[in-house]
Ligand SMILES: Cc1cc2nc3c(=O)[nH]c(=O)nc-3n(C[C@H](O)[C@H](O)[C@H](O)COP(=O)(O)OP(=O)(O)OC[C@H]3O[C@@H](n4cnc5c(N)ncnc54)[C@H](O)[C@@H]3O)c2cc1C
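In structure tokens, the next block holds one chain alone, the form predicted alone.
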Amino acid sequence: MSEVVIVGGGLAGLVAARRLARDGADVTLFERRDELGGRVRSREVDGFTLDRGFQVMFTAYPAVREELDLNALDLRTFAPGATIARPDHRSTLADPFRAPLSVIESALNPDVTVTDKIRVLQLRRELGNADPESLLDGPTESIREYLDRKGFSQKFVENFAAPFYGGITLDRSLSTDAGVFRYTFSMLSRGATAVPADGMGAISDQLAARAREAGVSIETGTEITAVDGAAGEATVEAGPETVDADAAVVATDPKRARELTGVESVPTDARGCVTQYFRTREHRSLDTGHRLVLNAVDSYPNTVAPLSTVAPEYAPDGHALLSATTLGVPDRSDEELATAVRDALVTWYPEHRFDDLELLATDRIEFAQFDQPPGFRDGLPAVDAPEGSVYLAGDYTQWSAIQGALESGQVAADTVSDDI
């Protein structure tokens, strides 16, 4: 029986571990933290479920459908579209095919032109049924250049695309590769945007349970200090212990993966964000129809999510939970950022008071995604880029998304199985 070591217990590592064990390998997974999940984790604070930064899952992702039991995750879904907000103004922009009750409201939306709405429908038809494998390919151009080429107006870009896709790519300037836009737009057209009732960490918990069921041995709280595959087999330094195996899969964060493997093409330029969680009384309604609220003016905050409206399980009885995400990691205190959120909500909802809005927690995530400029995929490392019997598994071998992380675990496992 082949022996394989997995270094890292995020989504990619868990998928690779389960698939290799299912194929008959003896698999041990080491995770340096005391908990699994990598960037997809949740915690409880005063009875509230707080994810590590605002995250959602697109149910149409092919790897999500292949690797996860969506029914068991008990998903709660956001309504398609968004609420566009600026001082003393709110409007709704929704998908008329998936939110028919919002057709009139969306049709009358003054924040985008009639031509923009027609172009969105044309784009939905063009990308909605496209082969997912082809969506990341195309001309080397940014999202902004792609939208300009498709004829979208400046109003559409500033009022909707910049905050909405800025939230997806953490890049309000829309300088990210256009393939990321095409892929995510297609997934939004095909499926739901959701969170599990128990938080995004339930995704990692399910993957870990499936890995253990397949026979994977998981050791948490163990730091891997070195990985070497030059001698035709893999040697892993796990604390004071040296583990020999037929292969090792490095599925850590990008910076650590580069350090352990020496593969310089692992991307380490980062995009970050700050997500703050607020509690308020349950009767407070933001009147979003389960949609995200987009800041059409600036990124303080870029988006506000009515989390407990979408997933009541995120908050204890009698309370509501909101999250607000600011792009980048600005040099402002937690309270200064919280004040900016309160000020924005007051101007967007002058009919409400927000005196009871209480800051619960702040997540400053310096490395939420790796940078994805136009053409970025040409420079990403292959899963077998490290020397010898060492392999890579991480979204940085595909693209920065849950789909990319899951798919990278699949590719790594298949490559290792073929080789050994």
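Sequential numbering from 1, following the sequence displayed. Remember, it's a predicted structure, so these values are computed and weren't measured experimentally.
Keep in mind that the form predicted in complex with this ligand is missing from the display, and what follows is about it.
Asks: Thinking of D177, A385 and E407 as the candidate spot, does this ligand come within 4.5 Å of a heavy atom on all of them in the predicted bound form?
Replies: No, none of the three is in contact.
Asks: Counting non-hydrogen atoms within 4.5 angstroms of this ligand in the predicted bound form, say which of R172, R256, R119, H319 makes the cut.
Replies: By the 4.5 Å criterion, the partner-contacting residue is R256.
Asks: Though this ligand is not shown, can you say which of T309, T303, T252, N159 has a heavy atom within 4.5 Å of it in the predicted bound form?
Replies: For this set of options, the contacting one is T252.
Asks: Quick one: which of 346-354, 151-159, 222-230, 291-299 gets within 4.5 Å of this ligand in the predicted bound form, going by heavy atoms?
Replies: In the other structure, the partner sits against 222-230.
Asks: Answer with yes or no whether V411 is in contact with this ligand in the predicted bound form, where contact means some heavy atom within 4.5 Å.
Replies: Contact check for V411: no, nothing within 4.5 Å of this ligand in the predicted bound form.
Asks: Wondering, does T49 line up within 4.5 Å of this ligand in the predicted bound form on heavy atoms?
Replies: No - in the predicted bound form, heavy atoms of T49 and this ligand never come within 4.5 Å of each other.
Asks: Is C273 one of the residues lying within 4.5 Å of this ligand in the predicted bound form, judged by heavy atom distances?
Replies: It does: once this ligand is placed as it appears in the predicted bound form, C273 has a heavy atom within 4.5 Å of it.
Asks: Taking heavy atoms only, is G53 within 4.5 angstroms of this ligand in the predicted bound form?
Replies: Heavy-atom contact with this ligand at 4.5 Å: present for G53.
Asks: Check each residue of 33-66 against this ligand in the predicted bound form and list those with a heavy atom within 4.5 Å, in sequence order.
Replies: Heavy-atom contacts within 4.5 Å come from R33, G37, G38, R39, V40, R52, G53, F54, Q55, V56, Y61.
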